[in-house]
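Just so you know, structure 1 and structure 2 below are the same protein chain in two forms, each on its own as structure tokens.
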Structure 1
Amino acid sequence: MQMVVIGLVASAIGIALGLIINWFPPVASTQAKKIDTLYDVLVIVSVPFFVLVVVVVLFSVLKFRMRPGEENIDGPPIHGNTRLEIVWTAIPALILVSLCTYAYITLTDIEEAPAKSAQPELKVDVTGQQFAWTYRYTGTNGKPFDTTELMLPKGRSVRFAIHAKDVIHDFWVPAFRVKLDAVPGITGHYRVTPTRLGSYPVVCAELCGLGHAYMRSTVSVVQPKQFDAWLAKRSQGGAAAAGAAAGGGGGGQAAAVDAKALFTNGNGRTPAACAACHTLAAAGATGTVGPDLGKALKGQSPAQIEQDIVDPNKVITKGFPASVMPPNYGQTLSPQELKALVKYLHDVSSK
């Protein structure tokens, strides 16, 4: 009775904490709600079993531990109970089958194509390579274009086709709760319907090399009209339109770029800020994934520094491996940002 009471109280507390604690990022897709419900069901079912085992073990240690003088005394003989063994084998088996069935139903449910609507399903190709994500859309003119900017309309189903150029990656938006390995030579698919406006991180969830931790991107969920305008603009101007937009500024003039802040914090579109991987005393950066730029860039011309940024595998600093720095900074930095960053690095490395 003591174990039963303790177990019930502990189970109730454990289940309550499991449901109350906010474990995950905000729900940003219809699929996320179903995944969260599945998680809640697993918590409700699994916590009592965990509590049962722990309570029995602790109770046995407390009540049935060996006392002084009992070192050589055998316990009473115990014979097996076939009925009990069948019960404690059958019940967990039934629970496991039930949970697996529910998980399968949830998985097939979130993979189903949506019912026909006024807006056709948006298709986006996702390509992972060390250590960056690239996205391909079909423009309003029917021609595909590549971008490092992932933009999605709220309330419209999106089907991702996921590829990898080099090694296995994993395309994951935690706020969407769905992820899938990107495997070279294989095209994987999954779909989501964004339901919440905002910007959410895109991460690689498969260890893919030295720069794995910095293989990040951002997905922006916007209103359908805003997405349509973005798609039309990209269709007309391609990468140039994105670069001009990224430069910012009103009235046709680019906003001033704070190169030191860009080096330290990035611009929200780059896979990672420079300071995350490099040491540069002038910027207070202490990264060790890449070389110390105060030393590596000394004596280089602005053209050489720009080449190091946009084509990082062209010249590799001795002692560091190739294919660690993402190769798409030429697309994620606007012309103004690239020019300002090159000037900043040339100035501080020349001192």
Structure 2
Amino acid sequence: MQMVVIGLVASAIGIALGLIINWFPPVASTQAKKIDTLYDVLVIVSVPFFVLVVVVVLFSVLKFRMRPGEENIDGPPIHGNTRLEIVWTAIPALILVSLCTYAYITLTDIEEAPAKSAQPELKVDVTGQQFAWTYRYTGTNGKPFDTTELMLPKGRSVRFAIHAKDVIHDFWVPAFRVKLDAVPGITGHYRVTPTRLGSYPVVCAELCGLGHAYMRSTVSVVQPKQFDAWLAKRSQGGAAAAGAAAGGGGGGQAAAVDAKALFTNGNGRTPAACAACHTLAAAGATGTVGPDLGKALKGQSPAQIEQDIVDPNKVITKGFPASVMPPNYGQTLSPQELKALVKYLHDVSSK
């Protein structure tokens, strides 16, 4: 009786603590709410078992400990108790099956496609690469464009198609709760419906190399109107950049490459756009993995800047990690693109 009373009190305290402590990041999607409820139910069901085991162990240690003079006394021999064994197998099995069923129902629920009558789903391609995320949207003109900025409209279902270029990453927005591995050669999917305006962290949840801890950025959830305006603007930007690149292909003129667009969005072949990691006020870039290039490149010669880009580990900027900036821009940027980028960075940083 004593043990049962202590166990009940301890369980009640444990459950209360489990529910009072605020474990979760903000709830920013319809999925998040259901997952938090699932988590709360798991806390309510599992805390009593943990407490029960701990209480029985501590109680027994205290109450039935060996006292002086009892060294040679042995307890009564005990044989199996069939009824007890059936009960303690059946109850956990029942609980386990119920929890699995509930978890499975929640999973199908959060993965369900929006109703046909609802607004068409927004599709965003996500690509993980050491050590940044890039996103591909379909522009208002029907043409895809790449960006390092993840912008989502509030209240509309989004379906992510998740890819990886090099190693396994994992695309996770804790405020949305859902996450999925990004595996080279496989396209994974998940959907969320953002429900809360604001900026939330995007993290890589799979150890993917030396720069893993830096593979962080943010997602902005905005009003649908604001999103449409952003999409329209980026669609034009993408078209202009593509036009410029196509024009430059024949002439081979460095001036024909839109270096600013290249810096912001990459060329589709580079490992990651520079803006994913660098701040550069002139390009509106706000990455924080690498140095602020507007400041860091002051006084550097074009040759130095070029070396920084094609051989980033030769000179490591103080206070920043080595082996995080991709080492292969020398191959993934064309000579014209590299030249244009160096000229652009030299121009904007020497102002």
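When a residue number appears, read it as a position in the sequence of structure 1, where counting begins at 1. A quick note: this is a predicted structure, and the numbers were derived from the prediction, not measured. Only the largest set of C-alpha atoms that superpose within 1.5 Å between the two forms is called the rigid core.
In this pair, structure 1 matches the form predicted on its own, whereas the other structure does not. A displacement of less than 2 angstroms separates the C-alpha positions of Ser46 between structure 1 and structure 2, with the rigid core held in common. When two forms of a protein are overlaid on their rigid core, residues whose CA moves 2 Å or more are considered shifted, and Arg191 is not one of them between structure 1 and structure 2. If you fit the rigid core between structure 1 and structure 2, you'll see the Cα of Gly18 move by less than 2 angstroms. Core superposition places the C-alpha of Ile73 2.6 Å apart between structure 1 and structure 2.
If you overlay the core, the Cα of Pro291 moves by 12.1 Å between structure 1 and structure 2.
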